[in-house]
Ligand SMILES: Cc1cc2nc3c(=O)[nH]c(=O)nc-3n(C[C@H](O)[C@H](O)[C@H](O)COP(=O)(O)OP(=O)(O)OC[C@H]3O[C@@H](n4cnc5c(N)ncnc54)[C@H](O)[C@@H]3O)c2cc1C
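Encoded as structure tokens, the following chain is the form predicted alone, with no partner shown.
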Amino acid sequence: MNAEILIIGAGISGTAIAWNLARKGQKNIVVVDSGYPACGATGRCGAGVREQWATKMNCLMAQKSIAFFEQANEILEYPDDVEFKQEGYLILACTPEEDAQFTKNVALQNSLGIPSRKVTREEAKQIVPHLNEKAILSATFCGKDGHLNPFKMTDAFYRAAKRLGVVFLFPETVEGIDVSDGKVVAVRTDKRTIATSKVVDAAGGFSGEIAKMAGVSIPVYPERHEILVTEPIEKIQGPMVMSFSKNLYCQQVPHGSFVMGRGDPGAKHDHDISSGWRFLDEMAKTVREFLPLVAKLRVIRQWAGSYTMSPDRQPILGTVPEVEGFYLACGFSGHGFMFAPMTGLLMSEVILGEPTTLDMTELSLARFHQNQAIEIEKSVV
């Protein structure tokens, strides 16, 4: 078997890259995954999308992606609905340091055309009436932020890519990448060898292992993050409520349940995606402090998934100088879902040798090997 371009990973990033390549006329695209679409981090994510970031590149990636999400059903000709609920993010400042940082964040966001604003604790309570405003100093709000269904959004990209001729191989595990004279020549799976000169590493938490198969070392690692979902109730909350310092995000989804999650600072950097009682205990305490009404709800289930962390909490996109034909789309640090439309577009432009929609210098792997200051994204839960 052969492929002009082989993409490893059929999550939201891999399917978005495949569709963007196919819509530009690229033929013989193959996507390989050990499971099925969205079976990894995509299907386990909180599925929130926001334009409120502290770094310019993350702001731009999110801003342009949200513009796509707003028209995703029509653009991808999806027969269902990706369920884009666009009712904003309310991000809480709980310390003087956060309050000062949020002023800077809003200034950056506004300079890029993002309609975020700083609000007082009283204004925050008007936005989310059951918020305990006494627990915060201030907040920021952007009404363009929101939430999608991660399975349906991935399915929309998957179906659109298939209609354009993209071949998906499930379940098929990559076992090796052959490199000759510094160039990719083939990918070996548990079922076949696929001759190809271009490989895209969009393997989420396993991106580091995939890169090693090609002889490439990348500074990423998987980190467990846990989520729970409650019983559904009548609608009481529109925006996502988020706190960076208190390690919380909480969203009421369209069918009425609350989805909330947090990271585990003590988690080992491995592929463990178990979820335990410590998470439930800590989450209950945090939610009770900020959203006491929500804390009374019964939990239906809980689970965990992997963030693929990069040193600066920004994605690693583009080429690898030492191996021709090997491309990276990883290191999203928990935000690959919301950046997927722009990831797909930018990666397709790089692979096809086109001018890129955004200057990708700050997202290249080379940024970690050059003696330049790296801006770390602080707006991460």
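All residue numbers are counted from 1 along the displayed sequence. Everything numeric here is computed off the predicted structure, so don't read it as measured data.
The form predicted together with the ligand exists for this protein as well; it is not shown, and the discussion that follows is about that form.
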item: One stretch from 198 to 206, 75 to 83, 104 to 112, 230 to 238 that, in the predicted complex, holds residues within 4.5 Å of the ligand by heavy atom; value: 198 to 206
item: In the predicted complex, A10 touching the ligand (heavy atom, 4.5 Å); value: yes
item: Any non-hydrogen atom of G318 within 4.5 angstroms of the ligand in the predicted complex; value: no
item: Heavy atom of I351 within 4.5 Å of the ligand in the predicted complex; value: no
item: Contact label in the predicted complex: G305 to the ligand, heavy atom within 4.5 Å; value: yes
item: Heavy atom of each of G35, I210 and H225 within 4.5 Å of the ligand in the predicted complex; value: yes
item: Contact residue in the predicted complex, chosen from A62, C45, L328, L345 - any heavy atom within 4.5 Å of the ligand; value: C45
item: The ligand: the contacting residue among C142, V166, V174, C250 in the predicted complex [heavy atom, 4.5 Å]; value: V174
